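Before any questions on binding or motion, here is one chain by itself as structure tokens, the form predicted alone.
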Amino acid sequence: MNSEPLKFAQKIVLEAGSILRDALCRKVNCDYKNGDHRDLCTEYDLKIENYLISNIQKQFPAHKFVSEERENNDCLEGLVWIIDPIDGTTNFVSWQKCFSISLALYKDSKPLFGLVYDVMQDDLYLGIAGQGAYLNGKKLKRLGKTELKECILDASLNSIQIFYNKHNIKVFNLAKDIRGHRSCGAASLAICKIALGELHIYISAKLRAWDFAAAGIILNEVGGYYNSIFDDCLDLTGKPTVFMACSSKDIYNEIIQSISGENLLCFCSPPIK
């Protein structure tokens, strides 16, 4: 692939990270989306999104965008950047760590590359479709085989509640089958941790494209697997999807059987639209 967009993307993501680190030297004000106190948006979500998009538009004026803080359309033809300016806004506001900038480039809905930048750790994850995944320039190894009893699951309390109340799926019953449970509060970082072998399963009841578009490329390049549990395809336009990422397709299938039985089996990779 042409290295110019990738080099440019790495440059502006690192620059955007510097803006966020500087922001934490002063008070960060936040608003609630749709009045939901669990769904935060700060001035920096908008500032970083505008920074990334304006720079890309200057360099590549014909490219399109799907991003968290803007109204998106359903046209994914051509070159499309999928952006999460701050993944883990609650962590950004409350912890001042464990948040990321996520940026991916797709062509006609097919992945080219994805970047996930752990801002406070200064860790830059990169996945290039068909060419491997990297952390700070060092190539990541392919994931080895893991048994379910050795797995660490990342899922939020909110998602666990939605699975039970809306879908009658008892995710909490997995507690007896796995080694443990954590929740880091940033989907892209959780998926990257699967690629590192630090986590093995990530489940969300309402994930959107900007949360997984970059990290999914990284995970795929080390032999991991991710998919929509209910939908016929993984949507890249920003519509919410019930999502699971695992260290292998075998683990994915085993989890599906464990939590839902035969009625939800969806072992084949869906198309991405």
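Numbers for residues come from their place in the sequence shown, where the first is 1. The structure presented is a predicted model; accordingly, all values stated were derived computationally and were not measured.
Unshown form predicted together with a small molecule; subsequent notes refer to it.
Under a 4.5 angstroms non-hydrogen atom cutoff, the small molecule in the predicted bound form has L207 among its neighbouring residues. G114 falls outside the set of residues with a heavy atom inside 4.5 Å of the small molecule in the predicted bound form. Heavy atoms of A187 reach within 4.5 Å of the small molecule in the predicted bound form, making it an interface residue. Contact check for E49: every heavy atom lies farther than 4.5 Å from the small molecule in the predicted bound form. From the list 144-152, 101-109, 119-127, 179-187, the contact stretch for the small molecule in the predicted bound form under a 4.5 Å heavy atom rule is 179-187.
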